[in-house]
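Below you will find one chain, with nothing else, as structure tokens; this is the form predicted on its own, and questions on how it binds or moves follow later.
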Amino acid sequence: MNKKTAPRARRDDMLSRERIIDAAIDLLDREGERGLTFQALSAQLATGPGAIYGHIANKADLLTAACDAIVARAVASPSDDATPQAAIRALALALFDAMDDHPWAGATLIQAGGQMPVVRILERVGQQISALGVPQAAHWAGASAVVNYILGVSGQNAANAQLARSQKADRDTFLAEVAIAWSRLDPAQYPFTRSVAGQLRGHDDREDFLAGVDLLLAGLVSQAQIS
């Protein structure tokens, strides 16, 4: 009987929080949040649920930890010679790409307000806003605006891509159909939407995202110059 239980014991001994989180990320990427169960994770790690519970309290804890690992990889410190604007742009783009690669992370981040994944992002953004020379009184508002923009737009983009994949929808075809529908709207009621219908057809999500970041940065730089 001891010989039969020894292999499982050795596997459990090698189990770590980091290994569990890496396996959870792999499972989330393949199956989505619904597919992340302790039973599925136990099977992937060749261990029992009890061994996992020794490192992870529950599914919410696991999701937050997995999201934190993704964020930690994306928010590496900027190079010493990077300007604050360049550092914020690089951080924003890294997070945009991370959520595009791991679509489940966007929703998890939104639900993790005040927890470590969001704190990591807030800290990195806040340091650069301070380096820009933005007045202390405006630090919170400025950092909040940038962080909320990054999380909101990146998360929505990832959700849109995930929905398109699940429906096997072609992006170009979908955008062309929407653009045609917009161009047929009542010009008296929807003059702006009709005017940008053509731009919708060929827009680049990444470029649009960075354009929004640049608009926020322009406002922050203006505040710094006024002070």
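Under this definition, the rigid core comprises the largest set of C-alpha atoms superposing within 1.5 Å between the forms. Numbering starts at 1 and follows the sequence shown. Values in this document were obtained by computation on a predicted structure and should not be read as measured data.
The form predicted in complex with the DNA is left out here; the points below concern that form.
Partner contacts here mean any heavy atom within 4.5 Å of the DNA in the model of the complex, and among 175-183, 198-206, 35-43, 155-163 they occur only in 35-43.
Taking a 4.5 Å heavy atom cutoff to the DNA in the model of the complex, the contact residue among His55, Arg30, Arg194, Arg171 is His55.
Although the partner is absent here, Leu15 lies within 4.5 Å of the DNA in the model of the complex, judged by heavy atoms.
Contact check for Pro49: a non-hydrogen atom falls within 4.5 Å of the DNA in the model of the complex. Core-superposed comparison between this form and the one not shown: CA of Ala51 displaced by 2 Å or more.
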